[in-house]
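Presented below, as structure tokens, is a lone chain in the form predicted on its own.
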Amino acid sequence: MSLQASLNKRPKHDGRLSMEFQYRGNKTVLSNCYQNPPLRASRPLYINPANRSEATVYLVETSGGIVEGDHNVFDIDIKEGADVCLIPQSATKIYPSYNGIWSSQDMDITIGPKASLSFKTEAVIPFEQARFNSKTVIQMTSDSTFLWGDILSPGRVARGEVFEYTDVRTNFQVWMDDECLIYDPLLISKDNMGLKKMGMLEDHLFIGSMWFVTPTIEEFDIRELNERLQESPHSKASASMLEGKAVNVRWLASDLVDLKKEMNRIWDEFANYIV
């Protein structure tokens, strides 16, 4: 049987992970959880020394990656006063789409009043011929807090597989009290774009993004942050303030390890600012 015929016979996986968090008895608890393979969640851990009531949960994808036609859905509901940190167990690997079928992921997150969500930075790695579509929508209130980091990889760089995927399309949205605060769509289609041109990626390979939204963000010194970002020899980065309500930092880099170190440093700085 050919590889394509084998893929046609493979059952499609529609993973779903629904979680509800509530603040009870001086800590955040996972009050409801529904898991449909290959998505899984760890039990809550209380490992943040700066906030012992915060629930830390690891997100697990047991199949090792998203195959063509697969569709994963995350529904996360964080009730009033709850503090949650979500950590992907590993990078999200997107396998080749030999039949041209897209794989996809939807993530819907609700953050209630005086609640917070910190989502640890991890990479999406699209393999050769991969086609991937993702949509992330966050609904939050003006007194809640949100910290998010992600990295788009050009592929399996160690194998020399750089921008060999077909299409990657992402759509990232943050809504605050029914007002659209952030709308950040991204499409990379290597056959239709000159990625090395000036104003595109030029010689860089990795795109890092971080979003930080908190009620006291206006006190943050965005100029000082930009000055420190320029000190890194491993990447180009810039930070901007959005309507006095959110900070966005964007990186372009050629080394994943150095980029993750730099993003983790800024992520920790933002996380400390929450406390």
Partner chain sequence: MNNQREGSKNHSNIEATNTNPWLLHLIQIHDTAFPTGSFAHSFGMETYIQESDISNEDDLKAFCDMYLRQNLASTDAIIAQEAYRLAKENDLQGLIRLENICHAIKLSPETRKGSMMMGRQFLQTVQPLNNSELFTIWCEKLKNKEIKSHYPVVYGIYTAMLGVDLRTSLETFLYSSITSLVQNGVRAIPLGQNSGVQTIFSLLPVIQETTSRVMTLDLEHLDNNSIGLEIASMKHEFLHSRLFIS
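What you see is a predicted model; the values in this text were computed from it and never measured. Residue numbers count along the first chain shown, from 1.
As for the form predicted in complex with the partner chain, it is not shown, yet the points below apply to it.
Only one of S238, N48, Q35, T62 comes within 4.5 Å of the partner chain in the model of the complex through a heavy atom, and that residue is S238.
A heavy atom within 4.5 Å of the partner chain in the model of the complex is found for exactly one of V137, V73, L186, V157: L186. Contact here is defined as any heavy atom lying within 4.5 Å of the partner chain in the model of the complex, and by that definition not a single one of L39, K79 and I87 is a contact residue. At a distance threshold of 4.5 angstroms between non-hydrogen atoms, L256 is out of contact with the partner chain in the model of the complex.
Although the partner is absent here, D203 lies well away from the partner chain in the model of the complex, with no heavy atom inside 4.5 Å. Looking at N226, you'd find a heavy atom of it within 4.5 angstroms of the partner chain in the model of the complex.
In the model of the complex, none of the heavy atoms of G100 sits within 4.5 Å of a heavy atom of the partner chain. Stretch 186 to 194 is the contacting one of 88 to 96, 186 to 194, 104 to 112, 124 to 132, since its residues have non-hydrogen atoms within 4.5 Å of the partner chain in the model of the complex.
Interface residues of 163 to 183, taken as those with a heavy atom within 4.5 Å of the partner chain in the model of the complex (partner not displayed): R169, W175, D178, E179, C180, L181, I182, Y183, in sequence order.
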